[in-house]
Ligand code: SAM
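This document starts with one chain, in the form predicted alone, laid out as structure tokens.
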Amino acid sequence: MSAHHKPKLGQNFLVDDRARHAIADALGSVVDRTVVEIGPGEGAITDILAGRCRRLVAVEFDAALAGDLARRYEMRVNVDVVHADILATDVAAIIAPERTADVVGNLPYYITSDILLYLFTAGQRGLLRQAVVMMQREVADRVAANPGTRDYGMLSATAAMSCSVEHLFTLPPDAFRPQPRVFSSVLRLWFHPRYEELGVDPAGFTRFLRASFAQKRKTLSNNLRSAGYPTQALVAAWPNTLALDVRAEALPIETTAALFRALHPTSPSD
């Protein structure tokens, strides 16, 4: 086990050589791109990308690991090691003067959803082209889930508004050191936000999605009433083709956006 391993940080270092190359390869050619690596850890993927991309920004939260990486790459002019919490980092600032970047990373299990929502927001701002990210298989299934399935929820809907999702492969626990108790999946996300297309503002619609999925056992209308939407307004906006007892996970994102627009006719994106 690595002397730097800190269980509370969700550190499981990738040690499978084929997997680390497959993740780097999934980015395609990055010879003229800036790549942001989230949680480089001991540098399994960093070592590959340092020789491939025009510029690599490795953002590492663990001070000891960041220090090791900084020393390892101090002679590489195209590698910047940033000791920081990615969730508190401004993507635009760290990729400047470039306007867009690609992302790669083995996301810590305990904040995977937070990091994904962070990436979706950066994608909305036009800062990201693609991301190749690894996470717990169950979370990956939620990100890639389709409406009408058990796994479809807030994370799925936000992903659908932000990017296309491609499942690349799944890794067993023995691909890591120490071994986690779960399998991990690698997804590729191509960012193309749909907020303007569907006529909704990102902040308002995100709040609406949170309200819609607040309690999965409740119907959509009950969740919205609990969030403060008056019954009269819901009745007036409710599509005739939509069952009154429908749950949020049953709705395609286009239908959900249409309901939001009906309830918010003065939304800034209208």
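For clarity, every value in this text was computed on a predicted model and none was experimentally measured. Note that residue numbering follows the sequence shown and begins at 1.
Below, we turn to the form predicted in complex with the ligand, even though it does not appear here.
- Note that among 210 to 218, 237 to 245, 25 to 33, 38 to 46, the stretch whose heavy atoms approach the ligand to within 4.5 Å in the predicted complex is 38 to 46.
- Between the ligand and the residues M161, I95, L187, I86, the one pair within 4.5 Å by heavy atoms in the predicted complex involves I86.
- Although the partner is absent here, L107 lies within 4.5 Å of the ligand in the predicted complex, judged by heavy atoms.
- Contact annotation: N12 falls within 4.5 Å of the ligand in the predicted complex, judged by heavy atom distances.
- The ligand in the predicted complex is approached by L65, whose closest heavy atom lies within 4.5 angstroms of it.
- Among residues of the shown chain, I111 is one whose heavy atoms approach the ligand to within 4.5 Å in the predicted complex.
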